[in-house]
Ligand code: AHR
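One chain follows as C-alpha coordinates, the form predicted alone.
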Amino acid sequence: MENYLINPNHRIAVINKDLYGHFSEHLGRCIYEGLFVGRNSDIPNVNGMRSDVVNALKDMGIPVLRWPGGCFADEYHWKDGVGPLAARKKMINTHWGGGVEDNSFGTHEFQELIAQLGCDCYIAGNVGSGTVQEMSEWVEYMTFPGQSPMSELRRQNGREAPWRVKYFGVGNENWGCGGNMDPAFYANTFKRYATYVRQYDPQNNWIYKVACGPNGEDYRWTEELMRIAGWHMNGLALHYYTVTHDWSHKGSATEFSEAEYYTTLRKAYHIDRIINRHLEIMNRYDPDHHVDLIVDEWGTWYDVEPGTNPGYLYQQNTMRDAVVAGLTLNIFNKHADSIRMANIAQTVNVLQSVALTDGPELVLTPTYYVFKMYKTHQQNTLLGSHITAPQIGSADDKLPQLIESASVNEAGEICATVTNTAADKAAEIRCQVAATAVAQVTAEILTGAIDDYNSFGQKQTVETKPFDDFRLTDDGFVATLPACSVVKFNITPSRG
(Lines give C-alpha, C1' and ligand atoms only; values in the text may rest on other atoms or scores of the structure.)
Protein backbone atom coordinates (compact mmCIF):
# COMPACT_ATOMS: atom_id res chain seq x y z
CA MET A 1 0.00 0.00 0.00
CA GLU A 2 1.30 3.43 -0.98
CA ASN A 3 1.21 6.34 1.48
CA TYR A 4 -0.33 9.64 0.43
CA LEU A 5 0.33 12.51 2.81
CA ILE A 6 -1.39 15.91 2.61
CA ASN A 7 -0.43 18.77 4.93
CA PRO A 8 -3.18 21.42 5.13
CA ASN A 9 -0.89 23.60 7.23
CA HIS A 10 1.69 23.82 4.44
CA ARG A 11 0.15 26.34 2.08
CA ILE A 12 2.41 27.11 -0.86
CA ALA A 13 0.77 29.34 -3.49
CA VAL A 14 -2.56 30.02 -5.17
CA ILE A 15 -3.10 27.83 -8.24
CA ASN A 16 -3.88 30.46 -10.84
CA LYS A 17 -7.00 29.53 -12.74
CA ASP A 18 -5.13 30.25 -15.97
CA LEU A 19 -3.02 27.11 -15.52
CA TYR A 20 -6.11 25.46 -17.02
CA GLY A 21 -6.08 27.60 -20.15
CA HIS A 22 -6.63 26.68 -23.80
CA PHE A 23 -5.34 27.63 -27.23
CA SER A 24 -7.23 28.27 -30.47
CA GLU A 25 -5.46 28.82 -33.77
CA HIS A 26 -6.57 29.36 -37.35
CA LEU A 27 -5.53 25.79 -38.06
CA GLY A 28 -7.64 23.06 -39.63
CA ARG A 29 -11.14 23.04 -38.12
CA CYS A 30 -10.35 24.63 -34.77
CA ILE A 31 -11.90 28.04 -35.46
CA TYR A 32 -14.11 27.37 -38.48
CA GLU A 33 -16.50 24.45 -37.81
CA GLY A 34 -15.10 24.05 -34.30
CA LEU A 35 -15.76 27.31 -32.46
CA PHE A 36 -17.35 29.43 -35.19
CA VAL A 37 -19.98 28.45 -37.74
CA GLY A 38 -21.33 31.88 -38.73
CA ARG A 39 -24.66 33.50 -38.01
CA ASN A 40 -26.39 31.84 -40.97
CA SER A 41 -25.45 28.28 -40.08
CA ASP A 42 -28.09 25.62 -39.43
CA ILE A 43 -25.96 24.55 -36.46
CA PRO A 44 -27.33 26.29 -33.33
CA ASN A 45 -25.24 29.37 -32.62
CA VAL A 46 -25.24 32.74 -30.93
CA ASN A 47 -23.72 35.44 -33.13
CA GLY A 48 -21.92 32.72 -35.08
CA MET A 49 -20.42 30.87 -32.09
CA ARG A 50 -21.65 27.28 -32.00
CA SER A 51 -23.67 26.86 -28.85
CA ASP A 52 -22.83 23.24 -28.04
CA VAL A 53 -19.09 23.91 -27.96
CA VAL A 54 -19.47 27.17 -26.02
CA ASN A 55 -21.68 25.49 -23.42
CA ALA A 56 -19.31 22.54 -23.07
CA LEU A 57 -16.29 24.81 -22.57
CA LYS A 58 -18.13 26.90 -19.99
CA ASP A 59 -19.13 23.73 -18.12
CA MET A 60 -15.50 22.61 -18.23
CA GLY A 61 -14.47 25.89 -16.60
CA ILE A 62 -12.32 27.42 -19.37
CA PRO A 63 -10.45 30.34 -17.74
CA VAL A 64 -8.46 31.88 -20.63
CA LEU A 65 -8.20 31.40 -24.40
CA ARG A 66 -5.19 32.17 -26.62
CA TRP A 67 -5.67 33.38 -30.23
CA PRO A 68 -4.97 33.67 -33.25
CA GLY A 69 -1.91 31.37 -33.11
CA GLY A 70 0.54 29.69 -33.08
CA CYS A 71 2.48 29.99 -36.26
CA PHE A 72 -0.56 31.65 -37.84
CA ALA A 73 -0.12 34.64 -35.50
CA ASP A 74 3.10 35.71 -37.20
CA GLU A 75 1.45 35.98 -40.59
CA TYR A 76 -1.82 37.43 -39.27
CA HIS A 77 -2.57 41.08 -40.07
CA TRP A 78 -5.38 42.13 -37.79
CA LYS A 79 -6.83 44.86 -40.04
CA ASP A 80 -7.74 42.14 -42.57
CA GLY A 81 -10.17 40.75 -39.96
CA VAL A 82 -12.18 43.86 -39.01
CA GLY A 83 -14.86 45.82 -40.79
CA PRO A 84 -17.61 44.62 -43.16
CA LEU A 85 -17.32 40.91 -43.94
CA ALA A 86 -17.57 41.43 -47.69
CA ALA A 87 -14.57 43.77 -47.63
CA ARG A 88 -12.27 41.53 -45.63
CA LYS A 89 -9.26 40.13 -47.46
CA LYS A 90 -8.97 36.46 -48.27
CA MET A 91 -5.64 34.66 -47.95
CA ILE A 92 -4.15 31.18 -48.19
CA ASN A 93 -3.20 29.69 -44.82
CA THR A 94 0.26 28.65 -45.97
CA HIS A 95 1.28 27.30 -42.57
CA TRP A 96 -1.64 24.93 -42.13
CA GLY A 97 -3.05 22.91 -45.01
CA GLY A 98 -3.31 25.55 -47.72
CA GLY A 99 -6.96 26.36 -47.05
CA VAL A 100 -8.57 29.71 -47.78
CA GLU A 101 -8.74 32.03 -44.78
CA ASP A 102 -11.55 34.52 -45.41
CA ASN A 103 -10.98 36.47 -42.16
CA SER A 104 -14.65 36.18 -41.20
CA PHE A 105 -13.43 35.40 -37.69
CA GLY A 106 -11.41 38.40 -36.53
CA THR A 107 -10.93 40.60 -33.49
CA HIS A 108 -14.62 41.41 -32.91
CA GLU A 109 -15.63 37.76 -33.35
CA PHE A 110 -12.92 36.55 -30.97
CA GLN A 111 -13.98 39.06 -28.34
CA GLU A 112 -17.59 37.92 -28.81
CA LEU A 113 -16.45 34.36 -28.17
CA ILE A 114 -14.55 35.46 -25.06
CA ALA A 115 -17.69 37.21 -23.78
CA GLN A 116 -19.84 34.13 -24.35
CA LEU A 117 -17.30 31.87 -22.64
CA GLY A 118 -16.89 34.30 -19.74
CA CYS A 119 -13.12 33.76 -19.83
CA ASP A 120 -10.05 35.94 -20.19
CA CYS A 121 -8.36 36.96 -23.42
CA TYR A 122 -4.81 36.13 -24.55
CA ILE A 123 -3.79 37.74 -27.85
CA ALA A 124 -0.68 36.66 -29.78
CA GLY A 125 0.82 39.53 -31.79
CA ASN A 126 2.65 39.40 -35.11
CA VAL A 127 6.40 39.92 -34.78
CA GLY A 128 7.52 37.58 -37.57
CA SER A 129 5.97 39.44 -40.52
CA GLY A 130 4.35 42.43 -38.84
CA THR A 131 5.55 45.87 -37.88
CA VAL A 132 5.82 47.68 -34.58
CA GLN A 133 3.18 50.10 -35.82
CA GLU A 134 0.78 47.28 -36.67
CA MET A 135 1.10 45.73 -33.21
CA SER A 136 0.85 49.11 -31.50
CA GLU A 137 -2.30 49.99 -33.43
CA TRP A 138 -3.93 46.64 -32.61
CA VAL A 139 -3.44 47.25 -28.89
CA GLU A 140 -4.81 50.78 -29.33
CA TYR A 141 -7.81 49.47 -31.30
CA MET A 142 -8.69 46.94 -28.60
CA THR A 143 -7.93 48.81 -25.38
CA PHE A 144 -7.86 52.61 -25.78
CA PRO A 145 -10.95 54.24 -24.20
CA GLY A 146 -10.38 57.79 -25.46
CA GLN A 147 -10.26 59.53 -28.82
CA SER A 148 -7.65 58.23 -31.24
CA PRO A 149 -7.49 56.98 -34.83
CA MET A 150 -7.75 53.31 -33.82
CA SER A 151 -10.42 53.76 -31.16
CA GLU A 152 -12.45 55.70 -33.73
CA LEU A 153 -12.01 52.83 -36.21
CA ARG A 154 -13.23 50.43 -33.52
CA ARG A 155 -16.32 52.57 -33.01
CA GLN A 156 -16.94 52.73 -36.77
CA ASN A 157 -16.87 48.94 -36.73
CA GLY A 158 -19.57 48.80 -34.08
CA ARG A 159 -17.77 48.65 -30.75
CA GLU A 160 -17.90 51.70 -28.48
CA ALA A 161 -16.17 50.43 -25.33
CA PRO A 162 -12.68 48.96 -25.35
CA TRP A 163 -12.18 45.29 -24.60
CA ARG A 164 -10.11 43.91 -21.76
CA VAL A 165 -6.95 42.20 -22.98
CA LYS A 166 -5.40 40.37 -20.05
CA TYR A 167 -2.38 38.86 -21.83
CA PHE A 168 -0.51 39.90 -24.95
CA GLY A 169 2.12 37.65 -26.53
CA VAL A 170 4.86 39.55 -28.36
CA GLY A 171 5.45 36.99 -31.10
CA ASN A 172 5.27 33.21 -31.19
CA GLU A 173 7.97 30.58 -31.75
CA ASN A 174 10.30 33.24 -33.10
CA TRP A 175 13.07 30.64 -32.95
CA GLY A 176 11.20 28.82 -35.76
CA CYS A 177 8.05 29.64 -37.71
CA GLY A 178 7.99 33.15 -36.22
CA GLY A 179 11.13 34.28 -38.03
CA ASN A 180 13.96 31.78 -37.37
CA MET A 181 15.62 34.28 -35.06
CA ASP A 182 18.50 33.62 -32.71
CA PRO A 183 17.84 34.41 -29.03
CA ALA A 184 19.80 37.66 -28.84
CA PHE A 185 18.13 39.05 -31.96
CA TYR A 186 14.66 38.14 -30.66
CA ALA A 187 15.41 39.50 -27.18
CA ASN A 188 16.21 42.92 -28.62
CA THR A 189 13.29 42.71 -31.04
CA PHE A 190 11.01 41.85 -28.13
CA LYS A 191 12.13 44.93 -26.21
CA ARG A 192 11.37 47.12 -29.20
CA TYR A 193 7.92 45.69 -29.91
CA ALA A 194 6.91 45.37 -26.25
CA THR A 195 7.64 49.09 -25.75
CA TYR A 196 4.69 49.85 -28.01
CA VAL A 197 2.29 47.44 -26.35
CA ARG A 198 0.98 50.48 -24.50
CA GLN A 199 -0.77 50.42 -21.16
CA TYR A 200 -3.52 52.77 -22.32
CA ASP A 201 -5.80 52.22 -19.33
CA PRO A 202 -3.67 50.50 -16.66
CA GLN A 203 -6.19 50.96 -13.85
CA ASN A 204 -8.91 49.11 -15.74
CA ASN A 205 -6.91 47.08 -18.25
CA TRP A 206 -3.29 46.38 -17.36
CA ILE A 207 -1.79 44.16 -20.08
CA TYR A 208 0.53 41.33 -19.07
CA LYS A 209 3.31 41.00 -21.68
CA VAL A 210 4.47 37.51 -22.66
CA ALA A 211 7.79 36.95 -24.43
CA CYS A 212 8.41 34.03 -26.77
CA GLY A 213 10.27 31.51 -24.67
CA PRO A 214 12.16 28.31 -25.44
CA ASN A 215 11.36 25.27 -27.52
CA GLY A 216 11.48 22.40 -25.04
CA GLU A 217 15.03 21.98 -23.75
CA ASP A 218 16.58 25.02 -25.42
CA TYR A 219 18.09 26.41 -22.22
CA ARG A 220 20.34 28.83 -24.11
CA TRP A 221 17.23 30.65 -25.36
CA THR A 222 16.00 31.18 -21.81
CA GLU A 223 19.46 32.30 -20.67
CA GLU A 224 19.74 34.95 -23.40
CA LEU A 225 16.17 36.18 -23.07
CA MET A 226 16.45 36.64 -19.33
CA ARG A 227 19.89 38.27 -19.62
CA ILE A 228 18.92 40.77 -22.30
CA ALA A 229 15.19 41.36 -21.85
CA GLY A 230 14.16 39.93 -18.48
CA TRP A 231 13.14 43.30 -17.01
CA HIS A 232 10.90 44.06 -19.99
CA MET A 233 8.62 41.02 -19.77
CA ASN A 234 6.03 39.68 -17.34
CA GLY A 235 6.08 36.08 -18.58
CA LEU A 236 8.28 33.76 -20.65
CA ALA A 237 6.42 31.19 -22.77
CA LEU A 238 7.72 27.62 -22.99
CA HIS A 239 6.44 25.23 -25.68
CA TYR A 240 6.63 21.46 -25.16
CA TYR A 241 4.83 18.75 -27.11
CA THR A 242 4.75 15.06 -26.26
CA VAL A 243 5.70 13.10 -29.40
CA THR A 244 5.82 9.32 -29.01
CA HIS A 245 8.49 8.59 -31.65
CA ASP A 246 9.90 11.53 -33.62
CA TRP A 247 8.65 14.40 -35.77
CA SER A 248 8.76 12.38 -38.99
CA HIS A 249 6.79 9.48 -37.49
CA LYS A 250 4.79 10.58 -34.48
CA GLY A 251 2.69 7.41 -34.13
CA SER A 252 -1.03 6.70 -34.18
CA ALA A 253 -3.41 8.39 -31.77
CA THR A 254 -5.50 5.24 -31.32
CA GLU A 255 -3.43 2.21 -32.35
CA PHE A 256 -0.42 1.75 -30.11
CA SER A 257 1.29 -0.88 -27.99
CA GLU A 258 1.71 -0.88 -24.23
CA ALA A 259 5.38 -0.01 -24.78
CA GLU A 260 4.35 3.03 -26.85
CA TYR A 261 1.88 3.98 -24.12
CA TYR A 262 4.70 4.14 -21.58
CA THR A 263 6.99 5.99 -23.99
CA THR A 264 4.33 8.68 -24.37
CA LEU A 265 3.79 8.99 -20.62
CA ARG A 266 7.50 9.10 -19.86
CA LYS A 267 7.99 11.90 -22.38
CA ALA A 268 5.01 13.79 -20.95
CA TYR A 269 6.39 13.41 -17.42
CA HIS A 270 9.72 14.82 -18.66
CA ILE A 271 8.15 18.28 -18.68
CA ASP A 272 8.73 18.44 -14.92
CA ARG A 273 12.51 18.28 -15.40
CA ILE A 274 12.33 20.80 -18.24
CA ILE A 275 10.32 23.23 -16.11
CA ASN A 276 12.76 22.92 -13.22
CA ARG A 277 15.81 23.62 -15.39
CA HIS A 278 14.24 26.67 -17.03
CA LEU A 279 13.18 27.98 -13.63
CA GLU A 280 16.74 27.60 -12.33
CA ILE A 281 17.94 29.89 -15.12
CA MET A 282 15.10 32.36 -14.67
CA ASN A 283 15.66 32.56 -10.91
CA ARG A 284 19.35 33.29 -11.43
CA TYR A 285 18.52 36.42 -13.43
CA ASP A 286 15.31 37.22 -11.57
CA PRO A 287 15.73 36.25 -7.89
CA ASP A 288 12.71 38.31 -6.89
CA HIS A 289 10.48 36.39 -9.33
CA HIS A 290 9.12 39.27 -11.37
CA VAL A 291 8.86 37.02 -14.44
CA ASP A 292 6.54 34.00 -14.51
CA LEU A 293 6.95 30.88 -16.57
CA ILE A 294 4.10 30.37 -19.07
CA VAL A 295 3.48 27.05 -20.86
CA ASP A 296 1.24 28.31 -23.63
CA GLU A 297 1.54 25.26 -25.91
CA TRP A 298 1.59 21.72 -24.56
CA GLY A 299 -0.03 18.36 -25.24
CA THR A 300 0.30 15.20 -27.30
CA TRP A 301 1.03 15.27 -31.01
CA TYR A 302 0.42 12.20 -33.19
CA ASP A 303 0.06 11.48 -36.89
CA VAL A 304 -3.23 12.82 -38.26
CA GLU A 305 -6.26 10.58 -38.58
CA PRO A 306 -6.14 8.56 -41.84
CA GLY A 307 -7.76 10.34 -44.78
CA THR A 308 -7.59 13.83 -43.26
CA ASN A 309 -5.56 16.83 -44.43
CA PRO A 310 -2.03 16.46 -42.97
CA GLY A 311 -1.92 20.21 -42.36
CA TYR A 312 -5.08 20.19 -40.26
CA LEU A 313 -3.55 18.17 -37.38
CA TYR A 314 -6.80 16.35 -36.59
CA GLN A 315 -6.26 13.47 -34.17
CA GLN A 316 -8.36 11.30 -31.86
CA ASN A 317 -7.96 11.31 -28.11
CA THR A 318 -7.78 8.23 -25.84
CA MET A 319 -7.38 7.37 -22.17
CA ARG A 320 -3.64 7.64 -22.84
CA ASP A 321 -4.21 11.37 -23.47
CA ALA A 322 -6.37 11.66 -20.36
CA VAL A 323 -3.51 10.24 -18.29
CA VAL A 324 -1.10 12.70 -19.96
CA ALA A 325 -3.47 15.55 -19.07
CA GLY A 326 -3.91 14.33 -15.50
CA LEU A 327 -0.22 13.95 -14.75
CA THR A 328 0.69 17.21 -16.51
CA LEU A 329 -1.89 19.28 -14.67
CA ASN A 330 -0.69 17.78 -11.38
CA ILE A 331 2.85 18.86 -12.31
CA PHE A 332 1.66 22.37 -13.17
CA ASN A 333 -0.18 22.57 -9.85
CA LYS A 334 3.04 21.65 -8.03
CA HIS A 335 4.70 24.66 -9.71
CA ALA A 336 1.91 27.09 -8.80
CA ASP A 337 4.44 29.46 -7.26
CA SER A 338 6.22 29.88 -10.63
CA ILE A 339 3.82 29.07 -13.48
CA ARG A 340 1.03 31.60 -14.03
CA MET A 341 -0.64 30.22 -17.15
CA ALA A 342 -0.69 27.14 -19.42
CA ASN A 343 -2.61 26.54 -22.65
CA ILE A 344 -3.22 23.06 -24.04
CA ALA A 345 -3.08 22.73 -27.83
CA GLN A 346 -5.71 22.98 -29.17
CA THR A 347 -9.28 23.49 -28.03
CA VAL A 348 -11.33 21.87 -30.82
CA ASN A 349 -10.47 19.44 -33.65
CA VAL A 350 -6.69 19.97 -33.47
CA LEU A 351 -4.04 17.98 -31.56
CA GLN A 352 -5.00 17.16 -27.93
CA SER A 353 -8.37 18.87 -28.13
CA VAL A 354 -11.14 18.73 -25.58
CA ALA A 355 -13.89 18.57 -28.22
CA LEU A 356 -14.36 17.16 -31.72
CA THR A 357 -17.04 18.23 -34.18
CA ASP A 358 -18.50 16.73 -37.34
CA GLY A 359 -21.17 18.98 -38.84
CA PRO A 360 -23.77 19.38 -36.09
CA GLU A 361 -22.31 16.54 -33.98
CA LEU A 362 -20.12 17.09 -30.92
CA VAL A 363 -17.89 14.61 -29.06
CA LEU A 364 -16.20 15.40 -25.75
CA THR A 365 -12.81 13.74 -25.41
CA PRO A 366 -11.22 12.01 -22.40
CA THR A 367 -9.00 15.08 -22.02
CA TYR A 368 -12.14 17.22 -21.67
CA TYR A 369 -13.27 15.21 -18.67
CA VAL A 370 -9.89 15.61 -16.95
CA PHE A 371 -10.08 19.39 -17.27
CA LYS A 372 -13.65 19.40 -16.01
CA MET A 373 -12.68 17.21 -13.06
CA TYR A 374 -9.65 19.33 -12.19
CA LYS A 375 -11.39 22.70 -12.40
CA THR A 376 -11.90 22.51 -8.62
CA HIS A 377 -8.19 23.34 -8.25
CA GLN A 378 -8.63 26.74 -9.93
CA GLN A 379 -7.82 29.54 -7.45
CA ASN A 380 -7.37 27.03 -4.63
CA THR A 381 -4.17 27.13 -2.58
CA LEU A 382 -1.62 24.42 -3.31
CA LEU A 383 -0.87 22.23 -0.30
CA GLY A 384 2.29 20.37 0.53
CA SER A 385 1.69 16.72 -0.39
CA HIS A 386 3.60 13.57 -1.29
CA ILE A 387 2.78 10.07 -2.45
CA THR A 388 5.01 7.03 -2.45
CA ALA A 389 4.97 5.16 -5.74
CA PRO A 390 7.06 2.57 -7.55
CA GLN A 391 8.59 3.28 -10.94
CA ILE A 392 6.57 1.62 -13.68
CA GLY A 393 6.84 1.25 -17.43
CA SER A 394 8.89 -0.72 -19.92
CA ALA A 395 12.59 -0.80 -20.77
CA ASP A 396 13.91 2.78 -20.52
CA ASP A 397 10.46 4.34 -20.32
CA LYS A 398 9.97 4.53 -16.57
CA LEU A 399 7.92 7.01 -14.57
CA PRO A 400 6.16 7.01 -11.19
CA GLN A 401 2.99 4.94 -11.09
CA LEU A 402 1.19 7.63 -9.09
CA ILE A 403 1.37 11.40 -9.68
CA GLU A 404 -0.70 13.73 -7.47
CA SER A 405 -1.44 17.22 -6.27
CA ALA A 406 -3.65 18.67 -3.56
CA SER A 407 -5.20 22.08 -2.89
CA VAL A 408 -7.58 23.73 -0.45
CA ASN A 409 -10.30 26.35 -0.85
CA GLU A 410 -11.24 29.15 1.53
CA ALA A 411 -13.73 26.89 3.32
CA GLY A 412 -11.00 24.38 4.14
CA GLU A 413 -12.22 21.74 1.68
CA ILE A 414 -9.39 19.81 0.05
CA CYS A 415 -9.23 18.67 -3.57
CA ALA A 416 -6.77 15.83 -4.19
CA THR A 417 -6.15 14.50 -7.71
CA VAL A 418 -4.21 11.30 -8.38
CA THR A 419 -3.24 9.77 -11.72
CA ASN A 420 -2.45 6.05 -11.91
CA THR A 421 -0.20 5.75 -14.95
CA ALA A 422 -0.01 1.94 -14.93
CA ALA A 423 -1.55 0.28 -17.96
CA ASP A 424 -2.74 -2.82 -16.10
CA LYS A 425 -1.96 -2.48 -12.38
CA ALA A 426 -4.24 -1.08 -9.69
CA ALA A 427 -2.78 0.88 -6.79
CA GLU A 428 -3.78 0.78 -3.14
CA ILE A 429 -3.24 4.05 -1.31
CA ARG A 430 -3.65 5.26 2.24
CA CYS A 431 -4.28 9.00 2.38
CA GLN A 432 -3.59 10.85 5.63
CA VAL A 433 -4.42 14.52 6.12
CA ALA A 434 -2.04 15.85 8.75
CA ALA A 435 -3.52 17.04 12.05
CA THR A 436 -7.02 16.86 10.60
CA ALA A 437 -10.13 14.85 11.40
CA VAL A 438 -11.92 13.99 8.16
CA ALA A 439 -15.73 14.14 8.13
CA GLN A 440 -16.51 13.19 4.53
CA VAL A 441 -14.89 12.12 1.28
CA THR A 442 -16.50 12.01 -2.15
CA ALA A 443 -14.76 11.06 -5.37
CA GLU A 444 -15.07 10.74 -9.13
CA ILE A 445 -13.02 8.79 -11.65
CA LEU A 446 -12.09 8.62 -15.32
CA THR A 447 -10.78 5.22 -16.35
CA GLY A 448 -10.71 2.64 -19.13
CA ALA A 449 -8.41 0.67 -21.36
CA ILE A 450 -5.38 2.65 -22.51
CA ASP A 451 -6.78 2.96 -26.06
CA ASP A 452 -10.44 3.66 -25.22
CA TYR A 453 -11.86 6.80 -26.84
CA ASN A 454 -15.12 8.55 -27.65
CA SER A 455 -16.30 8.55 -31.26
CA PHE A 456 -19.28 10.02 -33.07
CA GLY A 457 -20.85 6.56 -32.97
CA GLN A 458 -20.02 5.94 -29.30
CA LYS A 459 -19.79 9.27 -27.51
CA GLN A 460 -19.74 8.02 -23.90
CA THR A 461 -17.16 5.23 -23.89
CA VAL A 462 -14.96 7.37 -21.61
CA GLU A 463 -16.56 9.75 -19.14
CA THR A 464 -16.32 10.60 -15.46
CA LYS A 465 -18.28 8.52 -12.98
CA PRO A 466 -18.72 8.51 -9.22
CA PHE A 467 -15.98 6.55 -7.44
CA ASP A 468 -16.63 4.65 -4.23
CA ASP A 469 -13.84 2.08 -3.94
CA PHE A 470 -12.53 3.62 -0.74
CA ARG A 471 -13.26 3.64 2.98
CA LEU A 472 -13.05 6.54 5.39
CA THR A 473 -10.47 6.62 8.19
CA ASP A 474 -10.16 9.07 11.06
CA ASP A 475 -7.64 11.21 9.20
CA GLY A 476 -8.29 10.36 5.55
CA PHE A 477 -9.16 7.28 3.55
CA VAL A 478 -7.91 4.05 2.02
CA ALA A 479 -8.61 3.52 -1.69
CA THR A 480 -7.87 1.20 -4.59
CA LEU A 481 -7.24 3.10 -7.82
CA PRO A 482 -7.82 1.14 -11.04
CA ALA A 483 -5.13 0.98 -13.70
CA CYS A 484 -5.03 3.81 -16.24
CA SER A 485 -7.16 6.17 -14.19
CA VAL A 486 -7.49 9.77 -13.08
CA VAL A 487 -9.28 10.22 -9.73
CA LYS A 488 -10.38 13.29 -7.80
CA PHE A 489 -11.12 13.18 -4.05
CA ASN A 490 -13.05 15.95 -2.30
CA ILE A 491 -12.09 15.88 1.36
CA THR A 492 -14.19 17.71 3.95
CA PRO A 493 -12.60 18.16 7.40
CA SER A 494 -14.62 17.97 10.59
CA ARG A 495 -15.75 21.31 11.94
CA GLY A 496 -14.91 22.37 15.46
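All of these numbers come straight from a predicted model, not from anything done at the bench. Numbers for residues come from their place in the sequence shown, where the first is 1.
Below: the form predicted together with ligand AHR, not depicted.
Note that among 249-257, 354-362, 384-392, 234-242, the stretch whose heavy atoms approach ligand AHR to within 4.5 Å in the predicted bound form is 234-242. Taking a 4.5 Å heavy atom cutoff to ligand AHR in the predicted bound form, the contact residue among 408, 114, 181, 71 is 71.
This chain is displayed alone, yet in the predicted bound form one of 141, 200, 168, 301 has a heavy atom within 4.5 Å of ligand AHR; that residue is 301.
Ligand AHR is not shown here, but in the predicted bound form it comes within 4.5 Å of a heavy atom of residue 297. Not displayed here, ligand AHR is approached by residue 96 to within 4.5 Å at the level of heavy atoms in the predicted bound form. Looking at residue 27, you'd find a heavy atom of it within 4.5 angstroms of ligand AHR in the predicted bound form. At the 4.5 Å threshold, heavy atoms of residue 319 stay clear of ligand AHR in the predicted bound form, well away from it. Using a 4.5 angstroms heavy atom cutoff to ligand AHR in the predicted bound form, all of 23, 172 and 313 count as contacting. Residues from 324-353 that approach ligand AHR in the predicted bound form with a non-hydrogen atom closer than or equal to 4.5 Å are 345, 346, 351, in the order they occur in the chain.
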